[in-house]
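We begin with a single chain expressed as structure tokens, specifically the form predicted alone.
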Amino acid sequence: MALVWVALLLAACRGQEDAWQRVQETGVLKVGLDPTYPPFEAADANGVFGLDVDLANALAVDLGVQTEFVLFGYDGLYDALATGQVDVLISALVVAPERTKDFAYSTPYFNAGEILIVRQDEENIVRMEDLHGRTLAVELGALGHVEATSWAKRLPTLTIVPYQTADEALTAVTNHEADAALVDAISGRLFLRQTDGLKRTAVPITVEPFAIVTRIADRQLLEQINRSLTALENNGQLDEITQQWLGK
């Protein structure tokens, strides 16, 4: 029995090293993604592009390897990673605690949670607590609507106005039909990129972290990815990539 446990332990240790060793030996990091979620990933006749693609390429440069992108539907991403078809997933994936038995997540590289957007000249709304007696625009049924409803229990003078889309909610702020809008960071930043006169408050209202995914056994690969993510954050490259695709 002791010999069996030793054998299993050695096999596990080898498994932990395999992915990073293979990446080093081949000089290729195989990245799985679903190319149907712009601006994070999309594809055309010229190949794949987007925030996650640029991030993967920047990571590969820091790791001293090249990227190979392998495309899957969203439902097939984790299966592709589990079966070794790719080394990592970089595809706007939210950290999912229920998957951590089999998969590991990197340090988050983007927060897709809800943000509060107000007019550029608004100085009195910086947090949800500042919405006493104010009108808040939300996308009907979205997470921002749920969060706003929760806050309304604490702020009885808050008026919530739902719109069919996030863009409509944000337009309501532009048109002075609402004092603020609570929308997801992706929709909000893309709207701000194209529209003058609005700004987002400094602190996100909720957290929905996007992270890179590896197999649970590939600890060395995960360590290398986290090291590279830290380097990209410290040298400003991660912020540059994010701003290129989503604006400030």
Partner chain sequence: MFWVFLLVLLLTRPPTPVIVSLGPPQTVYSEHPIVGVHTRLTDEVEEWKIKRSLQMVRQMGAGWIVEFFPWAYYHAVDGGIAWGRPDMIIGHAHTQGLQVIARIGLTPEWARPSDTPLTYLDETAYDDFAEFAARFAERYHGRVSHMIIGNEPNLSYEWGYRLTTPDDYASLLEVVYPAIKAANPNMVVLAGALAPTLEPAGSPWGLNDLEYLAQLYEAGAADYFDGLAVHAYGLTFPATADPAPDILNFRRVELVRQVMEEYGDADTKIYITETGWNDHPRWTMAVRPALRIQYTLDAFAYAEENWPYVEMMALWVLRFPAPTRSFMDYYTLVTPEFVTKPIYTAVQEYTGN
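On a predicted model such as this, the values are computed, not experimentally measured, just so you know. Residue numbers count along the first chain shown, from 1.
If you look for the form predicted together with the partner chain, you will not find it shown, but the lines that follow are about it.
A heavy atom within 4.5 Å of the partner chain in the model of the complex is found for one listed residue only; from 100, 150, 83, 124, this is 150. Just one of 104, 155, 71, 140 comes within 4.5 Å of the partner chain in the model of the complex, counting any heavy atom, and that one is 140.
Shown alone, this chain has one stretch from 22-30, 35-43, 62-70, 213-221 that lies within 4.5 Å of the partner chain in the model of the complex by heavy atoms: 35-43. Under a 4.5 angstroms non-hydrogen atom cutoff, the partner chain in the model of the complex lacks residue 172 among its neighbouring residues.
Proximity of residue 129 to the partner chain in the model of the complex falls outside the 4.5 Å heavy atom cutoff.
Not displayed here, the partner chain is approached by residue 95 to within 4.5 Å at the level of heavy atoms in the model of the complex. Heavy atoms of residue 120 never reach within 4.5 Å of the partner chain in the model of the complex, leaving it off the interface.
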